[in-house]
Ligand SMILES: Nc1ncnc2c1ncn2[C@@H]1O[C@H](COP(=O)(O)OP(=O)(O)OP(=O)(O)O)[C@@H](O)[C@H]1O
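First, one chain by itself in structure tokens, the form predicted alone.
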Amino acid sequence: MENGAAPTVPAVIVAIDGPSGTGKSSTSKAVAAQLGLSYLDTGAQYRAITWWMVTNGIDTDDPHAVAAAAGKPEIVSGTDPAAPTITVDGVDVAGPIRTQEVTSKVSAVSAVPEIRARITELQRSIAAAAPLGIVVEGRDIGTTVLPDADLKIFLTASAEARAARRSGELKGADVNATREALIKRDAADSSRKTSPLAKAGDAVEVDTTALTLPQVIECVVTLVEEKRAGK
């Protein structure tokens, strides 16, 4: 190193897992932006491939049909936390992948092993290419996608708190209906055979029920900084 050159900060890979409504996306984006890391929303990738299946008339309830088409769409994720993007075959799908139709079908599509293999490979290549490190959020990052991540965090919150947050995001949605939908989605994601929603044994659990978003962000930033200082 030349005299006066700044010491290089070691790249750090952070896996943030947990069910819907725990503040995962907001936290992950803010932490990545604050620490100058890349950001990847893995759920958006599963939504994107689900959107492609729906748009192309693939029966999402037929695992064989879904598996046969798994390699067809080209999915590209932009990893700037300030403006994450996602395209399928060159089309911006950031809006369309959030529709109720896609939401209702994403668990079934995500459970197909060929889909998970395809998306997992994509996620690993994105993480490996991040120059300063990356915050990757999802449901099986610490357990399956990046088992060697430098830091694994599992966000939790009560079903009531999660439903209230998700209803707020969905503008006037019925909290009880949202809560039931979240519990159903958790059950589907936790019980699937391939890469279920699960907390890694070496993950740090952060219960966000009683915390504000800035408090959650501060907590995670501190954990990342401690991990990076120790590398």
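Small disclaimer: the values here were computed from a predicted structure and weren't measured. Sequential numbering from 1, following the sequence displayed.
Not on display, but discussed next: the form predicted in complex with the named molecule.
Colleague: Only one of 30 to 38, 54 to 62, 198 to 206, 158 to 166 has heavy atoms within 4.5 Å of the named molecule in the predicted bound form; I'd like to know which.
Modeller: Result for this chain: 158 to 166.
Colleague: Considering non-hydrogen atoms and a 4.5 Å limit, does the named molecule approach R185 in the predicted bound form?
Modeller: Contact with the named molecule, yes.
Colleague: At the 4.5 Å heavy atom threshold, is T222 in contact with the named molecule in the predicted bound form?
Modeller: No, T222 sits far enough from the named molecule in the predicted bound form that none of its heavy atoms falls within 4.5 Å.
Colleague: For A11, is any heavy atom within 4.5 Å of the named molecule in the predicted bound form, or not?
Modeller: Contact with the named molecule, no.
Colleague: Give, in sequence order, every residue of 11 to 36 that has a heavy atom within 4.5 Å of the named molecule in the predicted bound form, or say none if there are no such residues.
Modeller: P19, S20, G21, T22, G23, K24, S25, S26 sit within 4.5 Å of the partner.
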